[in-house]
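As structure tokens, one chain now follows by itself in the form predicted alone.
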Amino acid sequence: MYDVLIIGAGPAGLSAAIACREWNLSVLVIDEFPKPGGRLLGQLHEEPDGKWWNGIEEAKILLEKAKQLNTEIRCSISAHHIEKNDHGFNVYTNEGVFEADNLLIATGAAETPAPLPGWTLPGVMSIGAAQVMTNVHRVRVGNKGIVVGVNVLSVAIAREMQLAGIDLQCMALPALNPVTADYGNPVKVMEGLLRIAHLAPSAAIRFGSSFLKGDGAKDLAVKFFPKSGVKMWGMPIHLRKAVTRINGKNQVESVTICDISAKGEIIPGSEKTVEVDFVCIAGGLYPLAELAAVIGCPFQYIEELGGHIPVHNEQMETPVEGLFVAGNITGIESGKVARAQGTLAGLSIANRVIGTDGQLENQIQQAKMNVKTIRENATIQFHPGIEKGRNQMEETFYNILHG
């Protein structure tokens, strides 16, 4: 019987484990991936101050600290069921059943790629898969490709692939359909790009984006968006072109791309064929929260946080006694926020195990402030209105506890 079992060895899970071990709790961390680090292992980007955020190095730092504290971390273990009992939790995995008094679910997020004809061909992959292959496994995903879907995540990963020497023809939207209503709408995509305009290598792009805050300005900007796209790092980003089909017999050979109106409607007769040997499809991310649902944790749909979220308070505690959550399962944010949330969750668990302790309470308060500060200073915002979503979650948690 462990004091706490942590599902997920990403930035949130590892940080929580460190915080728990520093208070001498018995901890087991499990992860279905062959190595710890989670989404950190694929992240690499340059920040506004010119410094590089290297997820692999950040993961090494966390892992080394966890090892120094004799933290038990077991990979290639997949949890498929959880039972709540009078003493804590039984976690069912491919390696048997583990018991713990407290449970932290830090399973992160999963992708929602936008489907289009031909997407089952070999050579088509999600943007996240391309990131893992490139940055973690050092595998070249192809010689010349295209990214279908323009958002915060895909732009960042496209840059990572460029840095690895991979030739990207361009980035374009998926053809508009009921599934791609958000991803294929040029105005909605423009709203997302404005949140990362400060990362653009061109001063003109950064300056021009400051004038596009109003809805009317965004509509006008899309209407007059250059047909040749706007180049970032030498790669055209198209908001007035959409990929309608991926072509090939036994593997990807080309894509069909069309001009579209400012509303995303295909312009007849504008079809062109672009030869590529791989395609990355980017939709978005949603919290990977099925295990919390199995236990009976209540959920709340909050668009600003990315979907259906397990109800939790500021200290990462859910209404289910002994159950905590941290990281992207609580809302789609950066790895830095996930890491800070993990520390807070670990301290909250220690507080539940140890009881009232002045030093621990001070650390919890500092950890709360740290989460807020990192969130406010985040280089990349996946969703607008994060703070609004967090406040709504706090209100939901209070209402559940107090009726």
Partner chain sequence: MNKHRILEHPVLGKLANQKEMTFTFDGKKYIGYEGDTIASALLANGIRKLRVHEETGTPRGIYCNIGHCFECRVTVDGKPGVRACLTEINRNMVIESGKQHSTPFKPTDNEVDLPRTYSEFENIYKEEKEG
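Bear in mind that the values here come from a model prediction, so they are computed numbers and not experimental data. Numbering follows the first chain given and starts at 1.
If you look for the form predicted together with its partner chain, you will not find it shown, but the lines that follow are about it.
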Just one stretch in 328-336, 228-236, 150-158, 117-125 has heavy atoms within 4.5 Å of its partner chain in the model of the complex, so which one is it? 117-125
Does residue 142 make contact with its partner chain in the model of the complex, using a 4.5 Å heavy atom cut-off? yes
Please tell me whether any heavy atom belonging to residue 372 falls inside 4.5 Å of a heavy atom of its partner chain, as the geometry stands in the model of the complex. no
With a cut-off of 4.5 Å between heavy atoms, is residue 274 one of the residues that contacts its partner chain in the model of the complex? no
I'd like to check something about residue 163: if you look in the model of the complex, is any of its heavy atoms closer than or equal to 4.5 Å to a heavy atom of its partner chain? yes
So which of 100, 132, 189, 168 gets a non-hydrogen atom within 4.5 Å of its partner chain in the model of the complex? 132
Looking at its partner chain in the model of the complex, is some heavy atom of each of 27, 67 and 383 within 4.5 Å of it? no
Along 235-269, which positions have a non-hydrogen atom within 4.5 Å of its partner chain in the model of the complex? 249, 250, 251
